[in-house]
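Let's start with one chain on its own, the form predicted alone, as structure tokens.
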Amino acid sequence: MGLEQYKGDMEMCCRCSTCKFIPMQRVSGHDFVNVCPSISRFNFHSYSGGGRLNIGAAMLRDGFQYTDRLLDIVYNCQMCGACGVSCNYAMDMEVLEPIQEFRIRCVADGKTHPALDKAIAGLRAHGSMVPPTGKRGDWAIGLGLKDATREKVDVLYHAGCLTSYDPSLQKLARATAKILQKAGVNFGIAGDAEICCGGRAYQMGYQEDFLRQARENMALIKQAGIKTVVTACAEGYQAFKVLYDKFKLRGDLEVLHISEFVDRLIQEGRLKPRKKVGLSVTYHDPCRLGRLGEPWVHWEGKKVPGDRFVFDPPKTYRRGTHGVYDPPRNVLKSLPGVTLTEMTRIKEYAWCCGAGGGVSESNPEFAQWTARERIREAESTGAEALVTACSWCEKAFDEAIRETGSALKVYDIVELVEAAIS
């Protein structure tokens, strides 16, 4: 690991600006063609994926000389990965990975952001990226759920920080639990013993804090004999499924997002949505369920001498195409009375909700601008509601709608599923 291993990738960038837009073949008009919130907002090349690669290459060549402007560029990025998948539509090179390593290097060198330091201090003190409002398992009071740390269960439902502590979003944790109960799944929760997955710490560049959380989570899972983890949070899904695997910590643990699990349960006949919902919707692909939810690809080999980009054996690149796209759409189409109309930027080219990468903590105005852009795109479909599959996305969109006065409604997919089976 480390920025040095991506020297060739960063030097390969030719400033073609492909990282800034959805592929030309997918453009259907002049609007909604941008894919990177950072360059779209700040309108200067350094804030693009390619610009960050150019800076990284220069830092490796000339030494790490930090300035306030440089750190502004580093931390005003949602780490959503859209730049990388657009680049990799035609290129074989890493984009997000060196950007991530640059952040990790900044943290290691003590060049952090005060707002992110505060969030990490909370993680170290409470095991959560969200300030506690009570006990972590309080959301489950009255549901009669099993304690997975004491009882034998087939599935562990990891609720996540936001849905555990945010009073306005605890409804999502309760809806998920009720869906699993309705399907007769033998599941449990860790309750007060649950801790943060660590994914957001990694996005912010605090790799050691992420690894501590990952190891503690896997220790709990192994001790409890858990074989399957289900999360309704895209942040948690990517952490357990992809990042834990990247650092060879996941082992053979099965990780499913609730949309994948519900899709399976419906196909098996264990869930039968019968109650008419009656809603026209459009669907937002969360970054860490979609393009960044693509399985990690392990590769070991070497570069061919004299060539920056020929590898032995050939290297497989993650292009975002194998993220979780069909299951949530299958679920929505199975709900009586729900009609789905797609936005322009979908699947691996979806526009970010704005909440990722620590931006909602370090620059909330930029985060909200990003969310408002997605709301505008959702409104263009004529849908009544915007549906997503991540609590952080729902929070970002709710705040943007309150700010703009939009009539658009926002739901997590579990809310609609619960309504259809209740």
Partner chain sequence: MALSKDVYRAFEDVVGAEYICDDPVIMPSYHQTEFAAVLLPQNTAEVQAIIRLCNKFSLPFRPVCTGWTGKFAKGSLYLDLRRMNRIIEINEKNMYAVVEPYVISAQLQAELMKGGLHLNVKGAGSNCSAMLRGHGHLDQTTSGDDRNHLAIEWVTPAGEIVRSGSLGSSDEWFCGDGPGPSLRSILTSAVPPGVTPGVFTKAAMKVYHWPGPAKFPIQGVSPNYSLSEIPPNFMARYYSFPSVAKMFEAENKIGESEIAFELMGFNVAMVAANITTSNEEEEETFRRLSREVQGPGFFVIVAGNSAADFAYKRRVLEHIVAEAGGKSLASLEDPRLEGILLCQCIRISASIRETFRPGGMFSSIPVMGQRDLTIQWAIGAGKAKEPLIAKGLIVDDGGAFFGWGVEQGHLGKTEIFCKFDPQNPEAKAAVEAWHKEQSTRAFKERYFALLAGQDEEIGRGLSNYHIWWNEIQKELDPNRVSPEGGALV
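Bear in mind the structure is a predicted one, so any value in this text is a computation, not a measurement. Numbering follows the first chain given and starts at 1.
Missing here is the form predicted in complex with its partner chain; even so, the following discussion is about that form.
Novice: Given its partner chain in the predicted bound form, answer whether the residues 184, 296 and 339 all have a heavy atom inside 4.5 Å of it.
Specialist: So, no: the whole triplet misses its partner chain.
Novice: Could you work out which of 90, 219, 121, 141 is the residue within 4.5 angstroms of its partner chain in the predicted bound form, going by heavy atoms?
Specialist: Spelling it out, the residue with a heavy atom inside the cut-off is 90.
Novice: Name the residue from 104, 73, 79, 180 that puts a heavy atom within 4.5 Å of its partner chain in the predicted bound form.
Specialist: Here the answer is residue option 73.
Novice: Spell out, yes or no, whether the shortest heavy atom distance between residue 204 and its partner chain in the predicted bound form is within 4.5 Å.
Specialist: Outside the cut-off, so no.
Novice: Contact with its partner chain in the predicted bound form for residue 311, defined as at least one heavy atom pair within 4.5 Å: yes or no?
Specialist: Taking the distances in the predicted bound form, the answer for residue 311 is yes, it comes within 4.5 Å of its partner chain.
Novice: State yes or no: in the predicted bound form, is some non-hydrogen atom of residue 306 no more than 4.5 angstroms from a non-hydrogen atom of its partner chain?
Specialist: Looking in the predicted bound form, residue contacts with its partner chain include residue 306, since a heavy atom lies within 4.5 Å.
Novice: May I ask you to check whether residue 160 falls inside a 4.5 Å heavy atom distance of its partner chain in the predicted bound form?
Specialist: Residue-level check for residue 160: no, no contact with its partner chain.
Novice: Among the candidate stretches 148 to 156, 231 to 239, 208 to 216, 91 to 99, which one is within 4.5 Å of its partner chain in the predicted bound form when only heavy atoms are counted?
Specialist: Going by heavy atoms within 4.5 Å, the stretch is 91 to 99.
Novice: Listed by sequence position, which residues of 152 to 191 have a non-hydrogen atom within 4.5 angstroms of its partner chain in the predicted bound form?
Specialist: Residues within 4.5 Å: none.
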